[in-house]
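This document starts with two versions of one protein chain, written out as structure tokens and named structure 1 and structure 2.
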Structure 1
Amino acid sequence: MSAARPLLLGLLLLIGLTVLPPEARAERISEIKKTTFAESAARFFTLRDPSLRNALIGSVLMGISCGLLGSFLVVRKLALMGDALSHAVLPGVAFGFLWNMSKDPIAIFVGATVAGLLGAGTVHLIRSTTKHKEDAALGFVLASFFALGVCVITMLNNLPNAQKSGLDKFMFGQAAALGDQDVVLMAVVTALVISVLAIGFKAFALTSFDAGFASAIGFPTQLIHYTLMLLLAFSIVVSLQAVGVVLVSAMLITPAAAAFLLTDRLKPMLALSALFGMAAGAIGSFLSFVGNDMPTGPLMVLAGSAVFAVALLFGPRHGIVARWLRQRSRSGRTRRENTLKALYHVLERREFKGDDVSIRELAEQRRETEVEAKQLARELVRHRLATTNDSGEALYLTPAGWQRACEIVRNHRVWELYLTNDAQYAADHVHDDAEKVEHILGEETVREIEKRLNYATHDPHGKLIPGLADLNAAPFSGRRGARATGYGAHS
């Protein structure tokens, strides 16, 4: 509950902004004459216009509720559910208007909520009584309910006496048309969402990640699911005026999807998603205001999409740039380790007589040109794995380079022996697999495999396996006699 208190206090502040004195009010956004960007920006931050205040507060409230609920939809893999319910509420909007032939927020809220719950119930009915999966049921509800809503709204538009002003804005949204009643209703729904999720967080989290286990230990999973759907319907309905039926699903999913890329824990994801939703609402309102009546809903969605794009590109774990950097780092590390292994093989072939390896020998071992071998040598020097002589034609392994070279060779030969002894691979079929595994085997795994192999000293091809004495010794300290006799291969 402590995490929910700042959000609830913020709601009270936002509601207070809607009751500023009349002298602080100005014309609606749609009535403001064109001004310069600086003048519009200054006017935006003064919050003098009632329509601006309502649009901004409503957008921020919508960002909070949609961000929180969208996180659970993303975790539960129900992203299409938000899209389906947002379209399913449209006939409810129309029938709510028919209640007293006016755009009464309460009547529309009730009608749209009932329609949304009917849509969710229809999805469950189709899933439980037919062989169709959830995606097919959601597609059916989305299309059929939306089509019904369009037909009813078209019929209403043809009625001469209906006070239908603004009813068509529920299709694509018009945040500037939000009234005080709309904002208060959004605040109540947002407070309800925060409170219910804070009180039942453990239940919602457990059923989201493992519904089977939650049911087995006695959690009412169906009740929890439909509670979430009810909150989702509430949030969708109060968000329609701001972004419309077509775009409200984007405000549910986009902030949550961006947060999902930045964290693997649910609580930080909820906080980030709500923050991104608020930011998208505020940025969309600002751009709409300074852009001389640019559509607020689409700009909010574009702002949310920009946040998602940044998370997708620069997320620390799942971002494209981070993954590319990690892949590049792994590729460079693998290349350096293969070079170290080649140096070891050159030294081993001459029975460790001499501690230098010429560029020509490295090129021949790697089957590359001397130019390429010099590039590899420079890379080893840069990472302090080797040094060169004054002419740059000979390499000398540093202690760190020698240790890593021994580790890679040991990993390779231990894995080859493991495959031939335990997995019954042919000795001539293990090299390629060992070439890949040698770079990712951890020290504990290698120790366990060595123990399982009774600390064997030779690989399937009869070559010595470097042991602990080799890894811990200084480069070539007593190596000539040791390697020739096999002494020191294992401690």
Structure 2
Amino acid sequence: MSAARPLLLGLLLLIGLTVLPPEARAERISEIKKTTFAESAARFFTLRDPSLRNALIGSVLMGISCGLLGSFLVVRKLALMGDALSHAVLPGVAFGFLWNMSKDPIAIFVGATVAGLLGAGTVHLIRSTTKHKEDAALGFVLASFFALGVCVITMLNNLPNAQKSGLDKFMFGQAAALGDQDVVLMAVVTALVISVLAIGFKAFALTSFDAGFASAIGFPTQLIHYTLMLLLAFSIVVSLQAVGVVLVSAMLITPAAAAFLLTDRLKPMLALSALFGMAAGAIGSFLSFVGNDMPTGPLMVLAGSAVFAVALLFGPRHGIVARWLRQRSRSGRTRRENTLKALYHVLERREFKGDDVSIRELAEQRRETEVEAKQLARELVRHRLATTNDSGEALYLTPAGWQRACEIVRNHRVWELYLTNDAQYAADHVHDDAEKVEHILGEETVREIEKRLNYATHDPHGKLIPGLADLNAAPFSGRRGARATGYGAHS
């Protein structure tokens, strides 16, 4: 998988950073609170504090694994499964803590993974044995598992010897509380996620897009689904410390959805999603650091949402702004083509005598005011489809304008003829349809239709269809004069 290679390199680099000797000592981030923004920023970027380094590496690792898995959730429409699972692991965290009354990463990891899988299993069980829909099953698992976790945690907090369990940090995340062991675990999980996805990429991609086909050609779709859920549970569990139970789902979905808006292919989507996840993680832990110990999770989520908002608005192909501009340019082109058509009609009505069209004539043809007609004329001039005389009262088509006008009228009339002759429309029902189609018919389609119509020369209303020769002729080169000509009329 080519997209994974740069990620893997970055990962190795980050793991390498952990073995550098620490230069400054601060056991907890809160001890270095009283500094200015610049100092904290400098501290952050030089990575001198071991706890800070852990926080940053942890967030970045989390961004990678969540981003990769989240892409599959987004394309499989399982976004809310991520949400449900991330809440469902909470009792597992609490029971893992109960194992030997300490925040042993391994015990918590095992407990939370088991709880996550139980949650996924319960969703499946409710779906298959009751008539409740997926949303209800997900909501049930989310809320009842979370309530169980809350109960156990509050019971733990009431025990005399567990006052400082620190389990509250699992709710909203505190990347600064990541220990060395946590980071190692995160690195292992991230490496596992990357390698499993790389090995089984074809299977994961195929089952994500066409599960029916995949199972028909013998892929074990159930196994693949549960492998994905297992990896998901793993990466949710290791992310808890950094981003918190409540908001892990955002780290899964938001970067992946942003990537989904930017590309149509799965591999680039995975790479972008991992990149966005990393960025969100790093920015979130940075803000949390300079913002005096604020919870990390919400800040990471907001960083991710900002990335998503930018992709949503300014994505080059699917972005809202790009779509709007495309639409606007399309409607502008349609308006200009309608003006050209009107000019052609004016000329046609006086049998192509003279080559100037006055603004008044244009306005009459379009049934608009002269001010509006003037504006349309200006637009044509701006696009070099026409020129005006000095007073601005008369309009002359340029060769390009003439050609386009002929094309539009030809498209219109050819389409009308096609509808009446081939599609058996009544002649008085074809105009509105042709009004729309004339702007989007391509040259090849027109050739095809002309062939089917045996190169007819007149439209259903008896008007001549402009031919190839008209298109290529310079406007009013003297040869025309009497009337517009269809195919064969020249020869």
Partner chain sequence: MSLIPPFDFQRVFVEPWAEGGALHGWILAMAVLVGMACGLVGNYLLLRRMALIGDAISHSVLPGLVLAFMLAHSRHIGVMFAGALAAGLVTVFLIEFIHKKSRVKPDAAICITFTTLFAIGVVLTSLIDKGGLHIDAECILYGEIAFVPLEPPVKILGRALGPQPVLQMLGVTAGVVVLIVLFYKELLASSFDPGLTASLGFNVTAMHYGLMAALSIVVVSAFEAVGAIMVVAMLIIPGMTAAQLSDHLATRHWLVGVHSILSGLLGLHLSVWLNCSMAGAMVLTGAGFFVLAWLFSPSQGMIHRWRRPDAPGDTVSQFQ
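All residue numbers here follow the sequence of structure 1, with the first residue given the number 1. Everything numeric in this text was worked out from a predicted model, so none of it was measured. Rigid core (definition): largest C-alpha set, two forms, superposition within 1.5 Å.
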query	finding
Displayed copy of the chain that is the form predicted on its own	1
Rigid core fit then L56 CA moved by 2 Å or more between structure 1 and structure 2	no
Shift of R265 between structure 1 and structure 2 at or above 2 Å (CA, core fit)	no
Post core alignment: K133 C-alpha displaced by 2 Å or more between structure 1 and structure 2	yes
Rigid-core-superposed Cα shift at Q424 between structure 1 and structure 2, Å	4.3
Backbone CA shift between structure 1 and structure 2, A434, after core fitting (angstrom)	2.6
